[in-house]
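Shown next as structure tokens: one chain only, the form predicted on its own.
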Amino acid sequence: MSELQTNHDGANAIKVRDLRRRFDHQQVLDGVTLDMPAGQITTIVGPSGSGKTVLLKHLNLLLRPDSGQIVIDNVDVTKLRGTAVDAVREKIGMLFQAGALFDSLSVFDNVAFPLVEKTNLPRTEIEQRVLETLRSVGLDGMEHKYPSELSGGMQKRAALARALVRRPKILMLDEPTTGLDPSRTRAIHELIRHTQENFQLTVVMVSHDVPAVFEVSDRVAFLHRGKTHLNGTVAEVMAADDEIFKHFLAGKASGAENEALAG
């Protein structure tokens, strides 16, 4: 790994050390080490098969590593079980690639769902929180619509509101602009930056929108063959004299996902 900038541990919301995970005969994560500073946007990029989404599923505690360490908010989560895992999950908001909205529920009920299921807040407070969150993502007045009545970009905004409604400290996003055209992609990127600043969040994002996503990122982690090949500020990574990363960017610029890099 090329660590382009070293952070003091106290400033990191998430620390990953030598993370490894195998599925059958495939080593998907092969010693990932990565720091994600508090209050910044860290974007994870890399070719198909490089382990981006699998890494994210470890960070949000959906998967357990074979070995290695993940420290979130100064807690080694790889050692946790049961309710201790739930306590860490409460600090994390998650936006899945497909949005995962419930088709049968209104936008209001979709966003309210985590509060109804996981808290004992009174209905009036839930309503206030939901409407406030919808307003923050640009969906003011859309609470009575259903997902099928929304554009792709609005569905992403509704899913983001649901991820934010419990006021997490950390927001994780898996390919948040999948299926959107360039103008809507840009709008979602700007919304993610605005949301990060507005809610003072630490954001971890997996994205294929390279290099456009770098405009709203603070740091970039480039995964290659299950390892952190580059990790630094956007300026540092873009300036790195690294042939593998240059090859990846060239493939993105031509509109081709460079499968050769993932091999």
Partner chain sequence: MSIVEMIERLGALVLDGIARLGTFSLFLISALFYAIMPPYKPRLLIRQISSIGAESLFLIVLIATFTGMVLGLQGYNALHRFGSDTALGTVVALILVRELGPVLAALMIAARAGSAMAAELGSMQATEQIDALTVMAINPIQYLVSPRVLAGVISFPLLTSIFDVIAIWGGYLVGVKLLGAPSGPYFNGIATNLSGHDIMTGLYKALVFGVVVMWVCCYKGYNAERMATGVSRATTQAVVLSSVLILAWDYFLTSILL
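Take the two forms, find the largest set of C-alpha atoms that superpose within 1.5 Å, and that set is the rigid core. Note that the coordinates shown come from a computational prediction; the quantities given were computed from them, not determined experimentally. Residue numbers count along the first chain shown, from 1.
The same protein also exists as the form predicted together with the partner chain; that form is not shown, yet it is the one meant from here on.
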| item | value |
| --- | --- |
| Partner contact for S106 in the predicted complex: the partner chain, 4.5 angstroms, heavy atom | no |
| Any non-hydrogen atom of R162 within 4.5 angstroms of the partner chain in the predicted complex | yes |
| Contact test in the predicted complex: K118 vs the partner chain, heavy atoms, 4.5 Å | yes |
| R89, heavy atom within 4.5 angstroms of the partner chain in the predicted complex | yes |
| Stretch in contact, per heavy atom within 4.5 angstroms of the partner chain in the predicted complex, of 56-64, 207-215, 221-229, 28-36 | 56-64 |
| Sole residue of L101, L150, L171, V130 within 4.5 Å of the partner chain in the predicted complex, by heavy atom | L101 |
| Contact assignment for the partner chain in the predicted complex, among M94, L80, L139, I188, heavy atom within 4.5 Å | M94 |
| L105 C-alpha moves between the shown form and the other one by 2 Å or more, core aligned | yes |
